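Presented as structure tokens, the chain that follows is alone, the form predicted on its own.
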């Protein structure tokens, strides 16, 4: 009796293993399904075409929320041979629509920095034993540990995704509520951060893992719920293949926008906004005021990032060839680069030896040049005139706090600061002083500015989330 039951159980197990998987929304088996959305053709199994201007859109978001489609979790770093590094996300976990999606590193960083606003202080269990906590954004902190490799990122994700890690709840996200017109929704990011996504952003996310075929159930339920009218599916257009375009689209467009206008979906709440490449006005240059940057300037920014801002360093993410291709593609957005010739870089003279006398003279030049009106008498960025400053795009400007050199976007080496003062920062209220001050004067001013910051970067307490100064 027992032997017979055992043999039957073995046969059932064997048959179970040989059976094809049960059908699911992801099985893409809906060629015969016709709805008001696809009255004459099969639902597409290779694309998600439902758009926010479709009358079904708001109903679809409500359906997606009920089905828990719009939930996702950060799984970790993905590094595959012959492929650029990326971040793995798991969408619609524990549903029939569950799918793992890899996002290009740049887009994923934009999400973590611009929307989740992750800082090293959010992960004290990881950073406390790795040099301390400084209250800076995650990308800047990890890049500062090693600019050449992604080892710090690998260690970070292994730590925070560990089964007993206290950071695991921070990795989740879910749709909280949808506006009545479906054109925006509240998204919970982790335990304590809520952001608003507009419809285009919601659709972009859903298109990562859904197809029209996968949501056939929704189209059928929609038709049953009301008198549906036939509609047509939007057509998709083919992408171009210009060198650098694919990299820009995958790594940069989330912040800088598909059109290079600084209107990326990941940074709609940022002020000032990400750089508008169409204007062709760049602040961090080695060239005189009013001049476009050199290829080397742009390559340095892409490679090293801008400390204290949302612009990460791509040196460990993209190859040198890929970074140069991105630079070439960025230049195509603006007519300022049409001539193809580069302006000369401002020469930086050899600095004199730093002495108390030079610093004292720099302090006098700081006052005489009108710097306190914006940067404040003590360099804390609290000058009265600086309260009403705006960028060329009309965004408010917060003058730099000079007592925290680690927040200087263009770097804080003496040469970096010399160029900022000499060349100014186009598109902002920071004037160029190359024609006003002699090289020795500029160096004295540099020495004074550097003297305002402590020798070592101040550390922040665990849990401190204040923005960079």
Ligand code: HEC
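Positions refer to the first chain, counted from 1. Bear in mind the structure is a predicted one, so any value in this text is a computation, not a measurement.
Unshown form predicted in complex with the named molecule; subsequent notes refer to it.
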property: In the predicted bound form, the residue from 265, 252, 173, 213 that sits within 4.5 Å of the named molecule by heavy atoms; result: 252
property: Of 144, 288, 399, 85, the one that lies within 4.5 Å of the named molecule in the predicted bound form (heavy atoms); result: 399
property: Heavy atom of residue 260 within 4.5 Å of the named molecule in the predicted bound form; result: no
property: Residue 409, heavy atom within 4.5 angstroms of the named molecule in the predicted bound form; result: yes
property: Touches the named molecule in the predicted bound form: residue 440 (any heavy atom, 4.5 Å); result: no
property: Partner contact for residue 277 in the predicted bound form: the named molecule, 4.5 angstroms, heavy atom; result: yes
property: Contact stretch among 155 to 163, 302 to 310, 71 to 79, 91 to 99 - heavy atom within 4.5 Å of the named molecule in the predicted bound form; result: 302 to 310
property: Residues of 430 to 456 having any heavy atom within 4.5 Å of the named molecule in the predicted bound form, listed in sequence order; result: 430, 433, 445, 449
